[in-house]
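Shown below, as structure tokens, is a lone chain in the form predicted alone; questions about how it binds or moves come after it.
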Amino acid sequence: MMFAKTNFLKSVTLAVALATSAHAHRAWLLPSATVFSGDDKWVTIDAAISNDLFYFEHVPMRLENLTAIAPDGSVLKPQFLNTGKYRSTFDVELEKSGTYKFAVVNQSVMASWEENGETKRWRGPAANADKEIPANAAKLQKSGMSQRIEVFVTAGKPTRKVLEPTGKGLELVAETHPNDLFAGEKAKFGFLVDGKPAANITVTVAPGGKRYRDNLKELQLKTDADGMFTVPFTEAGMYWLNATANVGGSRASYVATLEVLPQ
């Protein structure tokens, strides 16, 4: 069998375990804060895959596919990147006012085909698929996986340029700004799949800190015909938002960490 042996594949293989089950491994980015003011603003972000949300006890998230986007849409270079036993970390100086987006975007392909009467298999980054899979492969079966893991932070006044969708994969539509969330208020979001409304998909919203309580307090929501849904945030804290969609034999997933502030 032919398998790509890269760090990227390790991260994709582990992250594919994302599910809404309470016992599934979950990927997440956790910022030191989501709203900043004053001078000399820096954010530190932890990146991990764990059983308990926002605790480091399984494996680190790989950062090969990390992108940091400034409020004006320019791409930044994160600093002090480090991958340890249970988590990865990086820092970014928030030099410009507005909302920043940090995203880890993975795209992979799994394929099987027949060659000289023998079944061949390959799995790896989508960018390598054309090189690794024969052009005229017999009995070719192929499926894709796209995964987007995001977090947003704001320095000063919230802005919306980084919230604009790219039209690729499963993406969040933030009618309510993700850095303008308060306990006791409802937030309205939506999902797009390749730029089109993702209707009737399940969205999981789970607060962190579940190791200290018996009740998981997870919400299971459904998007409407326009791909929209409403989240009633009752308590302050960090939340994990997750959705998946199947499109033409491919699987797309999305994860965001949201901070809900007290009133």
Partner chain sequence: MNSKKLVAVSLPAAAAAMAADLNVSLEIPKMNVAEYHRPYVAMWIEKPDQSFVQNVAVWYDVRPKGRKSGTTWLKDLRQWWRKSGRELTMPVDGVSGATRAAGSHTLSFAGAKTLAPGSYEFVIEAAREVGGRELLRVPFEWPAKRGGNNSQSAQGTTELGAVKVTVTP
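Owing to the predicted nature of the structure, the values given are computational and were not obtained by experimental measurement. Residue numbers count along the first chain shown, from 1.
Just so it is clear, the following notes concern the form predicted together with the partner chain, a form of the same protein that is not shown.
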How about F36: is it within 4.5 Å of the partner chain in the predicted complex, going by heavy atoms? yes
Using a 4.5 Å heavy atom cut-off, state whether D40 contacts the partner chain in the predicted complex. yes
Even though the partner isn't displayed, in the predicted complex is P134 close enough to the partner chain, meaning a heavy atom within 4.5 Å? no
Look up in the predicted complex whether E185 has a non-hydrogen atom within 4.5 angstroms of the partner chain, and give yes or no. yes
Would you mind picking the one in K157, K77, R121, R160 that has a heavy atom within 4.5 Å of the partner chain in the predicted complex? K157
Within 4.5 Å of the partner chain in the predicted complex, counting heavy atoms only, one of 48-56, 28-36, 63-71, 200-208 shows up; tell me which. 28-36
